[in-house]
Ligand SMILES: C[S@@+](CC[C@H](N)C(=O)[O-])C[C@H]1O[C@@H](n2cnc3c(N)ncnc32)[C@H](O)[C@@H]1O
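Have a look below at one chain only, the form predicted on its own, in structure tokens format.
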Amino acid sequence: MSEELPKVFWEIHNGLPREGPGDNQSTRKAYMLLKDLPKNPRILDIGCGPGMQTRQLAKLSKGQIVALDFHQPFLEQLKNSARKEGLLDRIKVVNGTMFNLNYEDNSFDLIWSEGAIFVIGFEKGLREWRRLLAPDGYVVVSEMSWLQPDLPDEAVEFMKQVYPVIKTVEENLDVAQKSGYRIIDSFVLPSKSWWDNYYNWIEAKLPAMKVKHKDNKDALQYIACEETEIEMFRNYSDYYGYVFYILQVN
């Protein structure tokens, strides 16, 4: 994901509560699986977007959080929300990229990334981020994964277009172990959280976007892609979804 995305992308995605599927209950569930964090953990939230999960982490922990994203409007949205909730003193927003994490080794007790590690790649992210973690530190990420065998052809063809490197949960767990982590747990994000905080918001915007861009072929094509993505999940959410992976440095 980059600033080179079409302008209509940012119009559609501006002001959403999240920039991907998720919910506070799942963030809380994943965090509560971390049993031996320091009292005031140092947390890095990579690809934080507008930061719903960042604020939830601030409420769950007594730590200091670095919230990293490359899109300044998302960071402003996070700052405004955190300020209203009295959390801004523990959240440092940073405009930066996961491809250039200029932090010293062992800088964090916990690295968090909901729906964003795909940008750098699941295996590459796990391997490159490991040096940033203190001994016994944790990585918690959510990653698109196949959930069942015997996949429908239409779902497979769709994923070839949008995320060809998608793996099964078992394959991702194997990648994590080979990247130097032990598996604490994993669980599937409820399909409801795709709708409540993400797709319903996008779907509500699309009719007005089509009217606004009725003479812009490229914009209409992008809007059609958004509609296709939503319809595919509506039809095949039993077969793919985001999975939380809770991992600890070996």
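Everything numeric here is computed off the predicted structure, so don't read it as measured data. Residue indices: 1-based, along the sequence shown.
What comes next is about the form predicted in complex with the ligand, which does not appear here.
Would A134 sit within 4.5 Å of the ligand in the predicted bound form, counting heavy atoms only? So A134 does not count as contacting the ligand.
Could you tell me if G115 has a non-hydrogen atom within 4.5 Å of the ligand in the predicted bound form? The answer is yes: G115 has a heavy atom within 4.5 Å of the ligand.
Does at least one non-hydrogen atom of Y163 fall within 4.5 angstroms of the ligand in the predicted bound form? No, Y163 is distant from the partner.
So, A67 and the ligand: in the predicted bound form, are they within 4.5 Å at any heavy atom pair? Contact check for A67: no, nothing within 4.5 Å of the ligand in the predicted bound form.
Have a look at 150-158, 171-179, 115-123, 78-86 and name the one stretch with heavy atoms inside 4.5 Å of the ligand in the predicted bound form. Only one stretch passes the 4.5 Å heavy-atom test: 115-123.
Quick one: which residues from 73-93 get a non-hydrogen atom within 4.5 Å of the ligand in the predicted bound form? The one in contact is F74.
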